[in-house]
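Quick heads-up: it's one chain on its own, the form predicted alone, in structure tokens.
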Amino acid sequence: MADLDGAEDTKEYHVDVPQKTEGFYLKGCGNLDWGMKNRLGRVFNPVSGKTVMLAFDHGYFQGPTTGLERVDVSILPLEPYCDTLMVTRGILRSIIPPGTQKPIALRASGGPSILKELSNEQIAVDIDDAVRLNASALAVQVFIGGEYETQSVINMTRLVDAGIRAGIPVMAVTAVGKELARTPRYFRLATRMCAELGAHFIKTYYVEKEFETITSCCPVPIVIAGGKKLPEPDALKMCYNAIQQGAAGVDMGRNIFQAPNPVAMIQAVRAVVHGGETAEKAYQMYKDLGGT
């Protein structure tokens, strides 16, 4: 293929030129149906245009990971402070109170455990069940460069097709295996592929170098994954830098529920994402709220 043979690297990202979106406040979402916009309007705050998603779906392949041994004890106290709950249907039905007004980003892919090849996932939730659960978004893992890359991409496109019929947006989650380098070039490829094939917003990792090029050349909103547990000041700095460089929010798990004071941490993250606070001021807020 021509693009693999002597092609120049991309360079014109126009990071200083915001993408225009007519008719809606979220990037690339102006032409979606009313139901899609309504659900996205629950996930992303209409005032700030951003979201603090609380991810605690790790058990679908990791089991009771640290901090999620008892979801009812560790996660329910955090529910008032997030914008969206990212959860599996099993935990949703067994633990989350039906009276919650928080939108649900429903984990919709699965299959292998940490004992097997993780990229060998399938769609694991029927769209009818997502409708019964009143999901505001569906989350699917996409393994660009992984052993089962094509399968995971087709999982995403089939879920997008089903979501369009039901009016439920799909978030593609760009998974990175141990053998793949977490470079700006890789994430530009992964996020753009997901957007081109129909994902309505994308979860990806933050990289310190050229992250603004990733958000600039992706035509739909990007939220960052929290990734591995970091010291609280570093996690807040990552949030701040990502927002300043074009991210539309965060989807954090371990950097919140594994913090010494998770309630203080999620409030500090909110201050960065929605309030525009610096990482330093947010960390001071964390300490003032009892985070030390």
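When you see a residue number, it is the position in the sequence shown, counting from 1. Predicted, not measured: the structure shown is a model, and the values here were computed from it.
The same protein also has a form predicted in complex with ligand R5P, omitted here; what follows describes it.
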Legend entry - Pocket accessibility when ligand R5P, as posed in the model of the complex, is superimposed onto this form, judged at 2.4 Å from backbone or C-beta: open
Legend entry - Answer option from G227, G30, G35, G41, heavy atom within 4.5 Å of ligand R5P in the model of the complex: G227
Legend entry - Residue among M265, A55, V223, C239 with a heavy atom within 4.5 Å of ligand R5P in the model of the complex: A55
Legend entry - Close approach of G253 to ligand R5P in the model of the complex, 4.5 Å, heavy atom: yes
Inset, instruction - May I ask you to check whether H200 falls inside a 4.5 Å heavy atom distance of ligand R5P in the model of the complex? - result: no
Inset, instruction - Check whether M86 has any heavy atom within 4.5 Å of a heavy atom of ligand R5P in the model of the complex, and answer yes or no. - result: yes
Inset, instruction - Would you please decide whether Y205 lies within 4.5 angstroms of ligand R5P in the model of the complex, comparing each non-hydrogen atom pair? - result: yes
Inset, instruction - Given ligand R5P in the model of the complex, answer whether the residues T51, Y81 and K102 all have a heavy atom inside 4.5 Å of it. - result: no
Inset, instruction - Specify the contacting stretch among 57 to 65, 241 to 249, 42 to 50, 22 to 30, defined as having any heavy atom within 4.5 Å of ligand R5P in the model of the complex. - result: 57 to 65
Inset, instruction - Output the sequence-ordered list of residues from 117 to 143 with at least one heavy atom within 4.5 Å of ligand R5P in the model of the complex. - result: Q141
